[in-house]
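One chain follows as structure tokens, the form predicted alone.
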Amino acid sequence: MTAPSQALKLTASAALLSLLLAGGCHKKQPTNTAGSGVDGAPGLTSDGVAPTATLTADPLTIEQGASVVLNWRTTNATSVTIDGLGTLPVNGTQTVSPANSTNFHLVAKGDGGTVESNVRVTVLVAQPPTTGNTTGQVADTDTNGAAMGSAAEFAANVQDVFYDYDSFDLRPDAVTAAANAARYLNAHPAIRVLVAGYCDDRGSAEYNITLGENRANAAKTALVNAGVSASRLRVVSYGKERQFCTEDNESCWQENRRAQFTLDR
């Protein structure tokens, strides 16, 4: 074999060996697990992590015709359903009025599997009235000034509660306002209240309707926890459709992020 042939063979062998070594030493790049968190901030994805879910009802026992607030919280879930209510946000609240005692069943699914949660609401069936009243007259508490109070007293004692941006958690000032409202309402048992949820004008109409309902339900729950009967409270959401202030600044937006209490005639 001539010298040029030997040199060519050695060069080819060296090139092949370099390719083999390069392929064997190549490290697989780690999978990027960073995702988009709240407001675009980096966070970890829920890939492979089992979801968790809790479902509660407030109150757990109601009279027939009254309503109850379902509240659910999940982690690492991508979809949530509740039997009879369909597909829902992964966290939220919803007011329901079951006609009979009902077991609410939640299913939360995520990349890491499926988890379930249940809560039972007991509905008390009203009993027929007794015949103890021999006068044939029914007391009308709605016309009793002591039971109803006045509109001015209501406005002074039952004040609106306000929320932070994109939140329906009660702040300390909202907790205090709800407690003061509950004391007045418990002293005037004939009053019925409309609890309306509002949002500022940022975001879609659909999103804000849900957020407004969550805010109204959070305020209602605070009153119920303070002793006000749930049957006296009615919830509605206006989302961003009815603005208290229309200027484009934080002070104005704060005015619109509220749950408002009004007399429900």
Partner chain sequence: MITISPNRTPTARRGSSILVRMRNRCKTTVATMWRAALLGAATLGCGVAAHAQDSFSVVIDKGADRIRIAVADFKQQTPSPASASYKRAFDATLYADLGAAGIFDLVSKSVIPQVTPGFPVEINLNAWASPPTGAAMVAFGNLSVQNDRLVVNGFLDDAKNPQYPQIFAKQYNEQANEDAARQIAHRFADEIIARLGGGVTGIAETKIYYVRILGANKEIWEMDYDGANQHAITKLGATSLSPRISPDNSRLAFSTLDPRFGFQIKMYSLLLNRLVTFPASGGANISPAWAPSGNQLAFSSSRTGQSEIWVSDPEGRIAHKLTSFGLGSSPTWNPKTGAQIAFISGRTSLPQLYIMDSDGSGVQRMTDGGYATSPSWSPNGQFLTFAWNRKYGPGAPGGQDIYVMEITTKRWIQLTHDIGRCDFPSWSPDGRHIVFANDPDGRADHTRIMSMLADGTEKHALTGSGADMPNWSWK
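These numbers were taken from a predicted model, which means no experiment stands behind them. Basically, rigid core = biggest C-alpha set you can superpose within 1.5 Å across the two forms. Residue numbers count along the first chain shown, from 1.
The same protein also has a form predicted in complex with its partner chain, omitted here; what follows describes it.
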- Message: I have 90, 97 and 244 flagged as a candidate spot, so tell me whether each of them has a non-hydrogen atom within 4.5 Å of its partner chain in the model of the complex.
- Response: no
- Task: Select from the listed residues 169, 111, 83, 173 the one whose heavy atoms reach within 4.5 Å of its partner chain in the model of the complex.
- Result: 83
- Message: So its partner chain isn't shown here. In the model of the complex, which residue out of 230, 226, 209, 70 has a non-hydrogen atom within 4.5 Å of it?
- Response: 209
- Flag residue 236 as yes or no: does it have a non-hydrogen atom within 4.5 angstroms of any non-hydrogen atom of its partner chain in the model of the complex? yes
- Should residue 105 be classed as touching its partner chain in the model of the complex when contacts are defined as heavy atoms within 4.5 Å? yes
- Query: Can any non-hydrogen atom of residue 48 be found within 4.5 angstroms of its partner chain in the model of the complex?
  - Reply: no
- Message: When the contact criterion is heavy atoms within 4.5 Å, does residue 217 count as touching its partner chain in the model of the complex?
- Response: yes
- Task: Note that its partner chain is not shown here; using its position in the model of the complex, name the residues of 193-209 with a heavy atom within 4.5 Å of it, in sequence order.
- Result: 201, 202, 203, 204, 205, 206, 207, 208, 209
- Note yes or no: does the Cα of residue 161 move by 2 Å or more between the shown form and the other one after the core is superposed? no
- Message: Using a rigid core superposition, assess whether residue 64 undergoes a CA shift of 2 Å or more between the shown form and the other one.
- Response: yes
- Query: Since the CA distance of residue 106 and residue 233 differs by 3 Å or more in the model of the complex, is it closer or farther than in the form displayed?
  - Reply: farther
- Relative Cα spacing, residue 115 and residue 214, in the model of the complex - shift of 3 Å or more: farther
